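Taking the form predicted alone, here's one chain by itself in structure tokens.
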Amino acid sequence: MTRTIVAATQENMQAARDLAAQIGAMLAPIETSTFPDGEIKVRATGAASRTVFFHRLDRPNEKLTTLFLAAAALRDLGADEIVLVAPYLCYMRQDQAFHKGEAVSQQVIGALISQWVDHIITVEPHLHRIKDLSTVFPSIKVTSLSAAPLLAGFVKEVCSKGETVLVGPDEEALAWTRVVAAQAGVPYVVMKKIRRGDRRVEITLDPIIKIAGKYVYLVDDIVSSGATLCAAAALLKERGAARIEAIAVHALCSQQDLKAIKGAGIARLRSTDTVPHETNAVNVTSLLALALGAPTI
């Protein structure tokens, strides 16, 4: 059955083109413009019965509006199934109300997206207490991909096994730091974190663990402000690390954050291209293509 890859922004167009080439699909842009009052106008230019919408959802508020409008336009053009390929999936971190009156954004945005698409494919969704993405999207199909094999391959290329250790900056990173380390064939340790605020964290590491003279790679799923990486790097420097670098799946940090990360002693931050960012070093197109090539799509 014919498939069409569509994309709504110029920053996504090259990635959508690469994905279309790998799975043998047609490529059709979604045209967008803005009215004087800021409202978004959307026009879909092509759709097949099964349409793949490549749409990164970093800085998501305007992009979510585009998603809903574009999905409606694609339905009007005859799309029976819309597969949302969102390498970074927004609004997943708040899965409960921490204070009276707070909206549980994961539930709200999950319900909205579910109204417009039939299948979501994403990479390393940033979940906390809820571990299964199907809990967020119970009425549609979800595919959650792991970037661990890609990061492990990258680590193999750049690390010296005898002197390298992977470090997960907090307990939430334990499961997949272990997987990356095992596939890369290097040792790993995981730090403990207490969060005091959006940009205030305390990091500890068991004093028995030897870091002195090691080439350290901090490995995390998401770098938002970089506060966790900075706190981790400060402790690793105190413990005598020879060099500290960092690898992340999703890089959301600003230029100011990058300066702080470098100032904390992290020589280099590299990320996958789930979000367009100057730190991008690992391409996820092959991972997405493999999922789209499955017989169920």
Ligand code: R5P
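All residue numbers refer to positions in the sequence shown, first residue = 1. Quick caveat, the model's predicted, so the values are computed rather than measured.
There is also a form predicted in complex with the ligand; it is not shown, and the following applies to it.
- Put simply, Glu124 is far from the ligand in the predicted complex: not one heavy atom of it is within 4.5 Å.
- Not displayed here, the ligand is kept clear of Val190 by more than 4.5 Å at the level of heavy atoms in the predicted complex.
- Using a 4.5 Å cutoff between non-hydrogen atoms, Val223 counts as a contact of the ligand in the predicted complex.
- At the 4.5 Å threshold, heavy atoms of Thr228 reach the ligand in the predicted complex.
- Contact with the ligand in the predicted complex, defined as any heavy atom within 4.5 Å, is confined among 76 to 84, 145 to 153, 214 to 222, 99 to 107 to 214 to 222.
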